[in-house]
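First, one chain by itself: the form predicted alone, in structure tokens.
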């Protein structure tokens, strides 16, 4: 009897842990920081780059990244004004596509977000406001809402672009209306859990971060001219941080680490470090550096340094995390950065994809090549999974072998 009780106790603990640590595949890696937990990758590249294993060129228009499970690759693309979720197998072969809703086609036409996969459900948006939950095996739509018709969202300059974030039983998104600024839905049913009025500002293309503290959980996202911290339990606005300059493009996902929030924006304060109180209710600005102004390429914080591109000056900068000072720069044009196995992967808007070894403040070049397949702007963030590098360029998705043999 005692053995049976012991077994049941262990089983309950295992189930509890598994329930909390649900598998989430999403924008910029498992925790939205741009870190991919890979090992034994190439530390240098030849002039031609790593081997190209395959290309799928039927995605339609778009700038969103893929998410990759053990068996399936999911990525959004626009064809004839409709946004679709595409499913490919791991060899790059087409499996199915499912319509999401009307896509943005006015400027930079194409899909503009990354799907979020949670176990057997996948969460997507379309540029004109559809938010949907689909079956990850079949693409069948479980539920959908419309930010414009259901939450009175105003259309912005570049379409709805956030990659949805999920926590527990909730999925969050930002219509940007004065009365429905940020919304939480039950991720299984699509029913409203709460609505936060925020500061009544239009949304600003940010894919949010979740901060988990002992006392509360906080959704951190941008509206048109503010960084917002919202309690995920009930939608209470805890604090905000105003942006200088009057711009409305604040795309990069903020980062929380060891009691501090870091963010970089091209249309606001530039690079900023905030101290978050232990209870999550207050912020204090530690430093800001307006010269480092990455607009949409993300950033990597590694130990005492932050690596990112500057939009205005078209350099890559290294910032001291403690002071915010620029301590090194590399001429590589503006773009995206991710990190895996002690290597920075930098993909610029001219199509050059390079790797750099972060050596304290220095970024030491270790090879680059030009991404030639595909079409239109080089905006999509690369993804690394299972020793493979995935690059989306417009209608094309490529898989490169970056595993060290």
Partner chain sequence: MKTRVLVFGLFLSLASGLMAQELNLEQVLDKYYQAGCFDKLKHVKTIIMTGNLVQQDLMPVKIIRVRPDKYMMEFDVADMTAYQVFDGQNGWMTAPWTGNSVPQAVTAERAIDLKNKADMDGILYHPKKKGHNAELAGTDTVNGLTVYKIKVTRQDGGIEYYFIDHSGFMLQKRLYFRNSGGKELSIENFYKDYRKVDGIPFAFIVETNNAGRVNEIQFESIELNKHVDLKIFTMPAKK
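Residue numbers count along the first chain shown, from 1. This is a predicted model, so every value here is computed, not measured.
What comes next is about the form predicted together with the partner chain, which is not displayed.
_the partner chain: the contacting residue among 275, 233, 152, 314 in the predicted bound form [heavy atom, 4.5 Å]_ = Of the candidates 275, 233, 152, 314, 314 is the one lying within 4.5 Å of the partner chain in the predicted bound form.
*Exactly one of 305, 256, 239, 108 has a non-hydrogen atom within 4.5 Å of the partner chain in the predicted bound form; which residue is it?*
Filtering the options by heavy-atom distance leaves 108.
*asked:* Given a 4.5 Å cut-off on heavy atoms, tell me which of 23 to 31, 336 to 344, 41 to 49, 369 to 377 is the interface stretch with the partner chain in the predicted bound form.
replied: Looking at the other structure, the answer is 369 to 377.
*residue 350 near the partner chain in the predicted bound form, any heavy atom under 4.5 Å?*
Yes, residue 350 sits close enough to the partner chain in the predicted bound form that at least one of its heavy atoms falls within 4.5 Å.
*Looking at the partner chain in the predicted bound form, which residues in 185 to 217 have at least one heavy atom within 4.5 Å of it?*
Going through 185 to 217 in order - heavy atoms within 4.5 Å of the partner chain in the predicted bound form - there are no hits.
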